[in-house]
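The data below hold one chain only, encoded as C-alpha cells and taken in the form predicted on its own.
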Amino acid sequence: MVTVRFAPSPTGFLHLGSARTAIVNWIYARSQGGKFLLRIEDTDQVRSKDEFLEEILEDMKWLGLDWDGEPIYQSHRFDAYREKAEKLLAEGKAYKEGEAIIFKVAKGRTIDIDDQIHGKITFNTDDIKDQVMLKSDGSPAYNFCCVVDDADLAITHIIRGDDHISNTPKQILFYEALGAELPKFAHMPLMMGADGAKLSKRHGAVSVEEYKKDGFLPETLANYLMCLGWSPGEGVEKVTLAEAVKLFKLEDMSDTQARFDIKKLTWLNGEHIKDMDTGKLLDLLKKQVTDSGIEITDDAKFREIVEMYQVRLKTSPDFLELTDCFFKDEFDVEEKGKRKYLDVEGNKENLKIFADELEGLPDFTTDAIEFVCRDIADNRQLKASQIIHPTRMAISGKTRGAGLFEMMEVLGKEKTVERMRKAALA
C-alpha cells in the first residue's frame, strides 16, 4: 500500500512551502487509496512548542487535510534511535566519538537516485562526510532518525522539497546499513517569490495563519498551492481537493520552480467566493461583521447585501470595506470621487431633482428607481452616468460597488433620499 508522510517541526507556524508539501502528499495518498501519516519532528526540545503544533494541526484541518492514525512524535522514540545506532556500532558500521555515535561512509561509491520528478540524480560518496547518528547529548541527528522512522512506518514514497535532495544520498546509506527497503523519492522544486528568490518574509506573508487572517478561503489556498508545479488540465485554474484526487499523477509534476503570485491568489480567491454556497458565505461574513462591533438587525436585508456583493469580493475583509454604508450613516468618503462627481457644477442640482422625484415614488424598487433616473437624464439632456455617479457617492461615499439602483432599494427610500439631500446641500 502507498504510504506517505508529512513531517512538520513545531518550532513555528505552518509555512506555505510546508503546507504545499502536505497537500501534495495528501492528494497522492488519497489518489492511490493509500495512507497519509503525520510525524512530528520535535527532537529540538528547546524550540519545539505545543502551541506551534496545535496551530499547525489546526491549519492542516482548515486546509481540508486529515491523516491516518495518531501522529508519531520523534521525541517519544529516542530509545528506538539509540537501539538502531548501537546495532550499527556493534556491526562495525559506525564508531564512537565521545558520547556521539557516527556512521562510517564508504568512499568511492556512486549513489543513483531515480527521482520521480527530476529523473536520475547521481552522487558520489567521496563528497559525503561521515554521518552523525546520535549526538553527544543523546539526541538523534535529522537524517538518521528520519530513516529509522520512515522504515518503521513502511513509508513507500517520500515527497518533499528540493532543499532535501542533498539529504537523500545520506539517507539511502542509512537504509542500506539498516537493511530496510528503499522508498521512492520525489523532490518538488521550491516555491519562489515573485522576484525568483526563495519565498521568505521579505516577500510578504509566508504562513498559512497569516492568509487565514487576511480573509483567504481554505479552498483557495489549497487550490493555489497544489497547482504550483502541477496542473489539473489545460486552462483549468480552479480545482478542489476532491477533484485533484481524481486527476493527480506524481509524474505530472513539473521539475521547474514555481513563483508565488499574490495577485493570482487573490483573483483565485474571488473565483472561489463567487461559486461559494451563499449560506456558507453568509455565516462567514456575519461573524466578521459582528466581530467588528456592528449589530445585524435584519437577516433578510443582510442576505440581500451579501448576494449583491458576492461576485465583487476578492477576500472576505473586502465586504465591510465595500458595504459599510449599509450598516452606518458615518462612512468613509473617497475624496477623489467627491471632487470628481459631487463638486462638479450642476451635479448637486441633479441630485436634488432626483431626490425630489424619488420621495414621491410609491414603489421604491430597482426598476422604478432606474426609470426615474433615466427619465430625468432624458428630460435634462444628460447622460444617465451624470446622475448615477454623484448618487453613488452621495449614498455610499464610494466610486464602485454593486448596481446603484439595487443598492438604493436595499438601503431604503428614507435613507437614500436623506443622504442625497445632504450631499446636494454640502
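Start at 1 and count along the sequence shown; that's the residue number. Since the structure is predicted, the reported quantities are computational estimates derived from the model, not experimental observations.
From this point on, the text means the form predicted in complex with glutamic acid, which you will not see here.
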| property | result |
| --- | --- |
| Candidate from V306, A355, C146, L313 lying within 4.5 Å of glutamic acid in the model of the complex - any heavy atom | C146 |
| In the model of the complex, the one of K93, K170, K84, R160 near glutamic acid [non-hydrogen atom within 4.5 angstroms] | R160 |
| Contact segment among 317-325, 231-239, 138-146, 255-263, judged by heavy atoms lying within 4.5 Å of glutamic acid in the model of the complex | 138-146 |
| Partner proximity in the model of the complex: H164 to glutamic acid, non-hydrogen atom cutoff 4.5 Å | yes |
| Contact flag, T416 vs glutamic acid in the model of the complex, heavy atom cut 4.5 Å | no |
| Residue contact check: D59 to glutamic acid in the model of the complex, 4.5 Å heavy atom | no |
| A423, heavy atom within 4.5 angstroms of glutamic acid in the model of the complex | no |
| Stretch 282-320 - residues with a heavy atom within 4.5 Å of glutamic acid in the model of the complex | none |
